[in-house]
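Let's start with one chain on its own, the form predicted on its own, as structure tokens.
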Amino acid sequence: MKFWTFSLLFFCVLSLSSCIELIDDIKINNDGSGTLKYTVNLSSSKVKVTSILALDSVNGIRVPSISELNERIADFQKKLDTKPGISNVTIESDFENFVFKLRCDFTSVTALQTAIKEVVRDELRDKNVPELDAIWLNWDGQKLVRSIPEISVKKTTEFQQEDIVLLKQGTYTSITRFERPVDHYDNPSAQISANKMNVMIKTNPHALSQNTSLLDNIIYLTPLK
């Protein structure tokens, strides 16, 4: 998602010229409610990120201070927590190792998508972003249709060649968890856990930026008893 990228757009500055690990983890309960967890991990490049934060700008983009980032994070958390159907929003920020973790509960995937779209659109200067109109989660009680919002990876198309190399070294892991076993799924790159209740797909941010459908999946569950 994310979201997030869903996805915490203000972390884009931190991801410039850095090896990045993204984990998109969503739990879907039988009633359609669930929990979203989204992790941005730059710890393997913390020396480079620290040096970036010491600069005024990178590639013409102003680099915010840590205090400004903390303000944006707090504002993002506050806005998301006020949206209908969203609760228990927490964001853990580790500016020593540059690891950031978002967690929230939702009453339905529709509530989750609507909340994220509204908050992200509010963060953008240009409010007319067609990518935000897309539906990347669809749940009907029997199957989940998943994709990655194009806006989550769109920024990577502007990176320089040296940044692309680092993006290839990064990882993007998409995990979907359920309350009952999975019957089957469409994406051949996906892996299923031993208990058949979790599905995972892994790629890298560069590959995903070139083909946003890499993580697309339709996951079919066993019928409710």
Partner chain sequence: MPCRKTHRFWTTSSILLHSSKIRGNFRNFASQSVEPYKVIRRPYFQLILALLFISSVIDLHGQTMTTSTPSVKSETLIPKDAVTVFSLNNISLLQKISLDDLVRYEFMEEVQQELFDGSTTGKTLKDSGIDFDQKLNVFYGKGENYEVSGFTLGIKDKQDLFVVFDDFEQEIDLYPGVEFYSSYFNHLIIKGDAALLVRVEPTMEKIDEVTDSIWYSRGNENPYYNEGYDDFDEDGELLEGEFEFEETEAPAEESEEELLEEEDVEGILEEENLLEKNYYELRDSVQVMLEMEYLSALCEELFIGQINLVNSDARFAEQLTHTSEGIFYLDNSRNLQKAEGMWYMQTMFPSLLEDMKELYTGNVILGDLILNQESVEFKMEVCYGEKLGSIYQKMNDSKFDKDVLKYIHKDNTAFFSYNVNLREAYEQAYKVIMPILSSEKNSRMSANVLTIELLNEFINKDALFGTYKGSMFGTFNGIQKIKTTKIEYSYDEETYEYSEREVEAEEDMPIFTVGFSTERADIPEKVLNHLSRLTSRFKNMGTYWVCEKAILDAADLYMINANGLFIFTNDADLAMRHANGYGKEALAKKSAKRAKKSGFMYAHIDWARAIERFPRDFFSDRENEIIDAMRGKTGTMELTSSKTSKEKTNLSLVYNYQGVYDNSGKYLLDLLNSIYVISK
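All values derive from a computational prediction rather than experimental measurement. Numbering follows the first chain given and starts at 1.
Keep in mind that the form predicted together with the partner chain is missing from the display, and what follows is about it.
Although the partner is absent here, S193 lies within 4.5 Å of the partner chain in the model of the complex, judged by heavy atoms. By the criterion of a heavy atom within 4.5 Å, N97 is counted among the residues contacting the partner chain in the model of the complex.
In the model of the complex, at least one heavy atom of V199 sits within 4.5 Å of a heavy atom of the partner chain.
Using a 4.5 Å cutoff between non-hydrogen atoms, R180 does not count as a contact of the partner chain in the model of the complex. For the options T35, S51, N187, N30, the one in contact with the partner chain in the model of the complex, meaning a heavy atom within 4.5 Å, is S51. Heavy atoms within 4.5 Å of the partner chain in the model of the complex are found in one stretch of 116-124, 74-82, 99-107, 136-144, which is 99-107. Counting a residue when any of its non-hydrogen atoms is within 4.5 Å of the partner chain in the model of the complex, the hits in 172-190 run T173, I175, R177.
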